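The data below hold one chain only, encoded as structure tokens and taken in the form predicted on its own.
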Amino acid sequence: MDHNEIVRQAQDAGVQLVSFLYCDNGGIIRGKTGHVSGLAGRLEAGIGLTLAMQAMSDMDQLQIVDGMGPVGEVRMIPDTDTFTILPYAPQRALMLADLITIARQPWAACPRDFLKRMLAQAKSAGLTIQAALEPEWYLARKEGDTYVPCDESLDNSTIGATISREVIDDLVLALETQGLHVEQYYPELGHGQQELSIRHAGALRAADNHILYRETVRNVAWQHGLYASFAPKPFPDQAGNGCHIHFSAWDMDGQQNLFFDPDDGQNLSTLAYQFIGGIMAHLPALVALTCPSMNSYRRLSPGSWSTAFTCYGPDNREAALRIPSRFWGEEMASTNLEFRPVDSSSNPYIALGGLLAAGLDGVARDLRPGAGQWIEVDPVRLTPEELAARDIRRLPTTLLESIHALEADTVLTDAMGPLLADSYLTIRRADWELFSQHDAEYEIKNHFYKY
């Protein structure tokens, strides 16, 4: 969007404050806000940000990373296509920002640029990527120092829908007003747990949408006197919060779904199987990017519908990759893959970028998933011997295991680049070192409202 047009729209709408937001290595949404009177200049020059922010853990403890510290700055340069006047705060607007060096180049530690680079690689292979993130979250009240679910309803229960109706109705209106088109909603399995999905988009826009979605949910909930938590496991005795990624590859015109093959038994193309092969090969390391918090590993366990094994299958919600059944009459358009070991403690740009790096490696090397990794039962029903015979492995059971897997996976770390990979791994190790010294109560308290 033209800079002058943005300034005009902001002024005409009575906007007073405009925020530039980014998502950091810890999955925390951060940013800075300026008055509308200075917007024209900031659209050109951005807002300064210390290099240290990408070395900040999700407990705001600065880590030692070469090239990040108290000396030096980058600029938050807004993507003007993301300009959004906030319906829940009409005197405010926001834009999502890229992190740009003083030399006017993309900063090597910018997560949004990582996804852009992976999309450029896909484009060089003749692919455009569509994606949708499917988040779950809890509505809760705070009683003293304790968070309590807003209801005790059952999965898909109309009682749960009734109790949360006012929040959800306001949320739908706020999302639609921002161009985030709602697909479906229902109360999820946990007490007070919600799932509301929005329409797919190009992969960069899908990641941007997830940032807007998280901000909107939290703000609308707050206006109703409630807290919204996207933490992977905010209540240890309730279902975890996932953020499944649906994705597909299309031709450059966006007309033909290249994951679709009508002659295959699952309607999947060779390209789709190559993506699956790449993801299976890199899954243990990929989990460090998609389930990156200490709290993630309370959710990522067998029998919890979050998946815990390196396998894939048709409509199998205990597989790492689910092949969703197609919609009648829309078989080509609805063909996609659902990646399930992911939650909203992840940075959506890093999660999607890592997923694409793994899939594109499968394309480049013509990888295919092992025949035994195809599974049509809950893998927990198989014996350890049966799993081993089928080359189905357990995903990492702790953050530390996933860190070690990522450190050893040069395909993913090379795709990220040295500065992003080093700062990311440093922060993840810091989180492990801190939270492994404390009990579950400390962990949950310090994750609940952070995401």
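One rule holds for the numbers: they count along the sequence shown, beginning at 1. All figures in this text were calculated on a predicted structure; none of them were measured in a lab.
This protein has a second form, the form predicted together with a small molecule, left out of what is shown; the following refers to that one.
Asks: Pick from 188 to 196, 82 to 90, 360 to 368, 209 to 217: which stretch has a heavy atom within 4.5 Å of the small molecule in the predicted bound form?
Replies: Answer to the contact question: 188 to 196.
Asks: Only one of His244, Arg75, Arg298, Arg205 has a non-hydrogen atom within 4.5 angstroms of the small molecule in the predicted bound form; which is it?
Replies: Only one listed residue qualifies here, and that residue is His244.
Asks: Of the residues Arg165, Arg317, Arg381, His181, which one places a heavy atom within 4.5 Å of the small molecule in the predicted bound form?
Replies: In short, Arg317.
Asks: Any chance Asn267 has a heavy atom within 4.5 Å of the small molecule in the predicted bound form?
Replies: Contact check for Asn267: no, nothing within 4.5 Å of the small molecule in the predicted bound form.
Asks: Taking the small molecule as it sits in the predicted bound form, is Asn336 in contact with it (heavy atom to heavy atom, 4.5 Å or less)?
Replies: Because no heavy atom of Asn336 falls inside 4.5 Å of the small molecule in the predicted bound form, the answer is no.
Asks: Though only this chain appears here, would Arg340 touch the small molecule in the predicted bound form if you measure heavy atom gaps against 4.5 Å?
Replies: So Arg340 counts as contacting the small molecule.
Asks: Using 4.5 Å between non-hydrogen atoms, is Gly240 touching the small molecule in the predicted bound form?
Replies: Gly240: yes, in contact with the small molecule in the predicted bound form.
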